[in-house]
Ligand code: LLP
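First comes one chain, alone, set out as structure tokens in the form predicted alone.
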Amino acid sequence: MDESRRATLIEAAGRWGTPLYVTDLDAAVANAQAWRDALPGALVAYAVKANPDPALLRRLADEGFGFEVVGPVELSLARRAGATSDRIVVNGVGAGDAHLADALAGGALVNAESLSALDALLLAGKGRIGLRLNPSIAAATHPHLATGAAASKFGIALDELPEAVHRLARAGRAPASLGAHIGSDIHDAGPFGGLAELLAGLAAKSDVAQIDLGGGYAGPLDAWVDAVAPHIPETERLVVEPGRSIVADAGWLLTRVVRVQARGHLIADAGMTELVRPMLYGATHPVELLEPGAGLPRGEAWTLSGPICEAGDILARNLDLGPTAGEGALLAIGQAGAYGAAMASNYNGRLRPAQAVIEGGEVRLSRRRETLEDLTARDLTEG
């Protein structure tokens, strides 16, 4: 980490305390632009679930990117950020009829993930209906992140596709798009090449122009393009839904060490309620010392643990942050821009952290820290 970045993160922690999420908007836009440059004419629809920071969504909307949303709240957030309906893609295996109807009426591309959802969309009226398939492709990733396997809950099964096309045709409609999402945090581009080959063949049979390859790729972008291009050379046909690849390396979780257990634990003021990925997925995140604290015994490999009453509340293992990473030390947990703040919870009565953004070298608050009043605002008094 360069000294300018270090100084900015230290400033942010000093102004708004810890735990604190910080997202670099310029870095996120640069990552999104790399997708747009690699796929001229494609719809690059940022997956809002990765990080719904309002300043980030506004900046991406201003830059002309699209949004992939799951559920009515994310749809509202995308609209609130200024996204135009023609650049919104709606997914969701459990989407309710009312949400599907609202999204369709608003002009978004709405993907049916089951025959039942397709029937609800056909009843809802005019609009762009896509079909999101289960491609029966098992990519190498954590089991919780694998969405394209045949046994997963996601998407219309391949043997159901003819029936889905028939139901559309019976209503005088045709699929606006064929797509699938095979999972997240996938480093091998090969399965995306297989997905592109499958969808291109199916789209040709059904005379569908637009192909949605989802998101989830975590490797070098040029390898993804090399895998996909032989099957879909016309990039203007494509919809892609990157999330993690846009924001993961553009975000940090800042935390302070509040206690030291001499048996090898640095206890931080952030834990699984702020960053659940290590516990949920076995994810690893780099940790860097920003400001020194009290001294530590030498020669010890430390575990960075959170304050939550769970033995699994561990953020990182086998750390060697130097002899000054004791109580009061300020740490930056990297690669935390995706599925960090978005998955924060109130477990153990925790208040969700504030969020700040960096833009043009300046840092500002984007979302304030949650308060007890926020947490209890929905409580109903007796009588």
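Position 1 is the first residue in the sequence shown; the rest follow in order. If you're wondering where the values come from, they're calculated on a predicted model, not measured in any experiment.
Beyond what is shown, the protein has a form predicted in complex with the named molecule; the following relates to that form.
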| item | value |
| --- | --- |
| Among the candidates 91, 134, 273, 255, the residue which, in the predicted bound form, approaches the named molecule to within 4.5 Å (heavy atoms) | 91 |
| Answer option from 215, 179, 148, 251, heavy atom within 4.5 Å of the named molecule in the predicted bound form | 215 |
| Touches the named molecule in the predicted bound form: residue 49 (any heavy atom, 4.5 Å) | yes |
| 4.5 angstroms heavy atom contact with the named molecule in the predicted bound form for residue 67 | no |
| Close approach of residue 243 to the named molecule in the predicted bound form, 4.5 Å, heavy atom | yes |
| Partner proximity in the predicted bound form: residue 184 to the named molecule, non-hydrogen atom cutoff 4.5 Å | yes |
| Partner-facing stretch of 228-236, 275-283, 300-308, 77-85, counted where any non-hydrogen atom is within 4.5 angstroms of the named molecule in the predicted bound form | 275-283 |
| Residues in 321-344 with any heavy atom within 4.5 Å of the named molecule in the predicted bound form | 339, 343 |
